[in-house]
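Before any questions on binding or motion, here is one chain by itself as structure tokens, the form predicted on its own.
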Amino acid sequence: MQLDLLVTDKQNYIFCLLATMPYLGGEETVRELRRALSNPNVQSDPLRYRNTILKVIRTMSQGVDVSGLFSEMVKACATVDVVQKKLVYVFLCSYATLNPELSLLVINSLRKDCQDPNPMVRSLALRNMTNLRLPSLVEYVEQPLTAGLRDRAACVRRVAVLGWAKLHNLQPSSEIDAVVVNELYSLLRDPDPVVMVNCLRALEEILKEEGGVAINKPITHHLLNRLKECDIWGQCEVLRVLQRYRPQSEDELFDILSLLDSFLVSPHPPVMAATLSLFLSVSSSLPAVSLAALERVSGPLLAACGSGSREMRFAAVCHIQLLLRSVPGLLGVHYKRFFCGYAEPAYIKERKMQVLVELVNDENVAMILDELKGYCTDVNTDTAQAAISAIGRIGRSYSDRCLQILTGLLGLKQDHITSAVVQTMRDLVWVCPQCSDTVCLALEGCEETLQDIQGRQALLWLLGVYGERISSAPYTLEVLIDGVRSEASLGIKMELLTATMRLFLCRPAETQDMLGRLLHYCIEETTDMCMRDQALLYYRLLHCGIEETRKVLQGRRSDPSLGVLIGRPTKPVSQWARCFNTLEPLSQGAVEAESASRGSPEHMTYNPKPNADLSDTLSCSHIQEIHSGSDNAMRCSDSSTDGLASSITAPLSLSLSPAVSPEDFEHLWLQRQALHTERGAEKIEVVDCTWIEECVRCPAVLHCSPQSLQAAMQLVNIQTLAFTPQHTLPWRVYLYTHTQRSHSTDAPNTTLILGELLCTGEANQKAGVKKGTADSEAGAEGKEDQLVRKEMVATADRLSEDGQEEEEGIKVTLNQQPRDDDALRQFLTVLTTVLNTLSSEKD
């Protein structure tokens, strides 16, 4: 809130004197102060009288109840000394609610001061009138406030405007005076910018139930034109209120953006953030404009990251993380600005390391890994563990370099470092199985250093899953099983039981005896029901046979040749624009960061984000498939009641929202493949899912780097999730996108497409589309399905006719739900065009 009164150097000295006065004591002090305030000799000497009032305020600040001096202090306010008035008013506003009857005596003095020729006295009186906070005095305050709105002095108008907001807050259920509201609206054009901003604040408070101040075109352009006259906080308030306005035309939109352009590069971070928030709000329908605005603010945000205030640096880094969701390479060349300083607090270092992970590319990966390696030995254990976790996330794309660093850290033999490294290796082999050989070699002997629960759980998981490659695995488990009765952690015991069962399946001779002892302890001796039930499950499972046990405990593993692209999928600006310049980004990064203390990967429950559209789109409950007898036929499911939506193809748009994580993708892809295997021979009547396979001639795509392929796909809003390294056969890429087609009369039709690109290295066959369609009546293709087949074949032939006959082909497998043949055909055209473009560039 703006200061309404000017304080001179002399007044500052007097107020500072309060902090140096000695503490005088309790009730005896109050009686002494009462005698001094009532002493005529003291009252006749202005300096002694003021000093006595200072003693009263000093005593009050020490927590002593001086409300008994209320009547004496009321008399003291009848003075021409402005400093004495301020001191007395501080006392009266503090104790007015305890003495409502005596407070009526103050009103007469305050109303008299409202007529004083000195504007400082008038504003002081108005301010303290509203600060008394007594509903019984409202009727006495309204008339001076109304007069104050028309006062000649700007400082009086500032106080009067805010005074009406205080009155409304005192009686929120009272009727709103339309005359006062109209007067406040007229003051929006007051020549004083502080009065204008205070009017906005007051109207927002008074009209809260009606949605706040009404923002129309004249008010919007008036506020924007006067924005430069306001101070920093006034500019932020105006920009916040203007976010509710929507331009009526594109010309008006660009006029507003032109007025805001200079504030995007403001040297004041609050103004820059508020401007960008408004920029994103009004340009939500123009993604290109929003992205251009993000590039403009990158400079001021980087400058804020170097601010002397720790809080400002932290907020700037958190908001940069938001920007990187939509423009991942925005600050790639400035990655050194996010190197951590020695004296920075741990919470800033952790956020900076999260940003560094998102900025990694082929050019700077060596520098970033060297910097993170230095943080791994930080004296702060949280910082060291965060650095190790960051190296692990980078290892999803640069596994060799990162594993070399992680293996070297194990040689330090420090408990917290070894624990973080083992947990990171567990997470890394879960998403990058090709790293398992190196990890297994590095784990030998590290069990002697591990002491904390999370690290030991990670080690047990690795011993269970990859125990056949670790020679010391049975001996390590045997030591733990011998001491299981003294183990206090339930998580360690349950992980030990699962690891021993898994190791028994691959090394039965070495594990049989210890498994029997562990099962006996868990079933007969332990008192924990969770552990006992799990042991009984394994015991009964063993009675069903080794093969059944193997199916349950080992299951299907990911393809070891696949790796996961680093970073999150690019998101539209509209997904996070609403939370920009709020406190939400300050907590989001901590929630989204991978936790080093979580349990085994398979203990994580598959739980997609609570997005209604995503859950409906990803639902597999209605997927029905028909398997064709021919291996060369396309697999497709069709509904007997649905045909082509229209002979006129509606425009198609691709979107990455809502995002699909690698875990969600793998879950859905495997679930649908399993469903196809189980129901492939059944006759299904109701279907809502389509499978297609096509061969596209573009062999040079195999030589593209994963980052180039991802960038090319993201240009058309196709997200690449997993890949095999270039020059590796078989070569695979997994991708997804959301399609949306808008018809003139119908609601937009949205589908989810999951895709796989595969090259096995065999000779390419002629490009074509293979499709099988379920027919509820006779199983034969209808005319509409034949039309779809012919159009897809023609599209594939047209887009690949320039290829050589014997060139290697890329097998494209697409799964769409719900079915939309037109959208699938158009997506196939887009995907084939991108692949051919990449292939031609490589050639």
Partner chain sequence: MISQVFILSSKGDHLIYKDYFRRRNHYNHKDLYFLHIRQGGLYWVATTTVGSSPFAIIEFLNRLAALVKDYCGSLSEKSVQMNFALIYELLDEIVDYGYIQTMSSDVLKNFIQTEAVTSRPFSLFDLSNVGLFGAETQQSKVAPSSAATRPIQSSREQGGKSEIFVDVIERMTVVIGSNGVLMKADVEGEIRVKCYMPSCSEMRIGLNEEFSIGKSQLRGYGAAVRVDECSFHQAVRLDEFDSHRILRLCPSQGEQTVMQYQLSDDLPSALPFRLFPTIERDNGGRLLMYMKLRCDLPPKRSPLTFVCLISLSQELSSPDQSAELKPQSRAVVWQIARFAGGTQLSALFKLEVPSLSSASMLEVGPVGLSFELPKITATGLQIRFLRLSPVQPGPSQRWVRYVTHSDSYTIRI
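Numbering follows the first chain given and starts at 1. Predicted model only: the values in this text are computed from it and were never measured.
Absent from the display: the form predicted together with the partner chain. The rest refers to it.
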item	value
Contact stretch among 200-208, 515-523, 280-288, 459-467 - heavy atom within 4.5 Å of the partner chain in the predicted bound form	200-208
One residue of 401, 111, 246, 337 in contact with the partner chain, assessed in the predicted bound form (non-hydrogen atom, 4.5 angstroms)	337
Sole residue of 75, 667, 268, 550 within 4.5 Å of the partner chain in the predicted bound form, by heavy atom	268
Partner proximity in the predicted bound form: residue 319 to the partner chain, non-hydrogen atom cutoff 4.5 Å	yes
The partner chain contact at residue 341 in the predicted bound form, heavy atom, 4.5 Å	yes
Residue 235, heavy atom within 4.5 angstroms of the partner chain in the predicted bound form	yes
Partner contact for residue 183 in the predicted bound form: the partner chain, 4.5 angstroms, heavy atom	no
Candidate site 360, 418 and 705: all three near the partner chain in the predicted bound form by heavy atom within 4.5 Å	no
Sequence-ordered residues of 291-322 touching the partner chain in the predicted bound form, heavy atom within 4.5 Å	299, 301, 303, 306, 307, 308, 309, 311, 312, 313, 315, 316, 319
